[in-house]
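Here we start with a single chain on its own, the form predicted on its own, put down as structure tokens.
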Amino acid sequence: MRASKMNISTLREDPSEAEIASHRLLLRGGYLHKSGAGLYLYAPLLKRVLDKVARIVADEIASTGGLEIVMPILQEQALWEASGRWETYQASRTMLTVRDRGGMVFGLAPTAEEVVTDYAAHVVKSHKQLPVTFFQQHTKFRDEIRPRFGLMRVKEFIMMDAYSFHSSDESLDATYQAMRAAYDRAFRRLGLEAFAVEADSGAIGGSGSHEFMVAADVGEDTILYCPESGYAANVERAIGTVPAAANWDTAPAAPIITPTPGVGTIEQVVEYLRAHGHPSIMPAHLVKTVLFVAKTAAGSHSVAACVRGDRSLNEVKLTNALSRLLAAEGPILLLRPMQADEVRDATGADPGFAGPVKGLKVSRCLADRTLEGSTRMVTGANLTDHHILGFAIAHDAGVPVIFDDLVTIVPGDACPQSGNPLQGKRGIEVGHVFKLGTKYSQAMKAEFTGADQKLHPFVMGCYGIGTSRVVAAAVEQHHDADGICWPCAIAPYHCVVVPTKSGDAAVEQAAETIYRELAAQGIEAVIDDRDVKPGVKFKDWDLLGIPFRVVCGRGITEGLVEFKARCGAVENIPVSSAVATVVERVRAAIAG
């Protein structure tokens, strides 16, 4: 490819809306063009990167036996109603919907479990056809509330989604492990340092899932891990042992209602009590009670969730706990904090004075397990400007309490396997694998004939890789002050040949010869034949991140060219060995 024909359009300054490296550099390099909020045009260079990512991903999924298909982006409402997910996605407003001229309602695909389950029900009839996996790489739509960070969080994106169908849980387990291994291989080939962590299944559902994360400072996910045991989990899923609270030596032995005028937050209560005879009290001695409204298809529920005052409530864990309690009513469609007037109705007090004691009017009260054996705590009295001191939830609660895992685990909490302190790091989710079980097949009556000649619902798995998000993750892991440093396997081109002396016949001839011979060797090369200064060329190629560069300049008279890896030092090598050097380095870089 000749650079003069590539319509290269780079920016010297960072775009004002770009907050992270991948967004900034992809816009500056002309890889992306913002078409609207959360909507991007993929320019020619980025299309080449995406195609390479897609090929590697498809190759590894196919190696597990996956069969590639293409499913429609428009999906009928009836399919989603059959699975029971239509109301969930409408309540969360994740799915964009449209009507055709006949008035039929369609959703723009955020995922494709319903469509592929319907397909499998029609084409897979016997256990002899199982297991089977179908996958695609296609556009998805999710109505993000706040699109940001370029390709990290958008409304429209490209995703590989695969779905496996089985006759047994054992068969699903085998494919699940095969897929995890395929993901490991794919991310290594893509040049990414990725790792698997336990994760929450979210709206997809199922009995278990793992996320594949790319470590990055700008990652939106917090990962907790233990180097010794190998335990790793997303913060939404992580479990661990919370350190016991220190002793509160002035705590009353029995519950006492105590005036606490104008102090409603944990910090205010602690400060007030320290000033009024309790100098050793700490946030860990308080019960934090947060009030919610949970909605299911059957109606609304008022919910109280209690955690220790020094800990944060994990709303994902709360949602999962409620889902188990209200399983007969279907999924939790919405979980939101109570508004001030709702808090007053539930407690009879102003916000800030709620507690799991007499006067609390909720349909469900859940508490974290760290509170189960706690004694001599402080809790809201459901009375404005009052708290109860010396409270023990096990025998002083005024409502039935269900204990569950509700807190957010943080670095320093003990690993559930080794007992050592957990460590934390940020990560970008680039892949997810789920064990769906029979959630969709039972709901949609997707069945096969088993060896016993009876009908059985498919046991299913689901697997996704964010093809377009992988691109952003790669830039986050591979960039420097000058621009992108693409892994060779997904770089838009492998090598650029740069003649620096315009009009010098020997320089131009050497550059042309090297360029043509590289192409003949299967190396994707660019020759920069633009009529611009060498400094402009070098800045552009550093920004664009092409892995290798051959510079033909003044050294040609001595039979030398400059060879440089994108993040390496300049080497002066003979013109005669330039092609062989590039070929060797490119093949080694792609092989990893």
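Each residue number is its position in the shown sequence, starting from 1. All of these numbers come straight from a predicted model, not from anything done at the bench.
There is also a form predicted in complex with the RNA; it is not shown, and the following applies to it.
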Taking 4.5 Å between heavy atoms as the contact cutoff, choose which of Ala37, Cys567, Leu41, Leu67 touches the RNA in the predicted bound form. Ala37
Only one of Ile145, Ala451, Ala246, Ala520 comes within 4.5 Å of the RNA in the predicted bound form by heavy atoms, so just point that one out. Ile145
So which of 41 to 49, 54 to 62, 549 to 557, 521 to 529 is the stretch with heavy atoms within 4.5 Å of the RNA in the predicted bound form? 549 to 557
Residue contact check: Leu11 to the RNA in the predicted bound form, 4.5 Å heavy atom: yes
Answer with yes or no whether Phe195 is in contact with the RNA in the predicted bound form, where contact means some heavy atom within 4.5 Å. no
Although the partner isn't part of this model, could you tell me whether Glu429 comes within 4.5 Å of the RNA in the predicted bound form, counting any heavy atom of the residue? yes
So in the predicted bound form, does Phe403 come within 4.5 Å of the RNA, heavy atom to heavy atom? no
Using the arrangement in the predicted bound form, list in sequence order the residues of 525 to 554 with any heavy atom within 4.5 angstroms of the RNA. Asp531, Val532, Lys533, Pro534, Gly535, Val536, Phe538, Lys539, Asp540, Asp542, Leu543, Arg549, Val551, Cys552, Gly553, Arg554
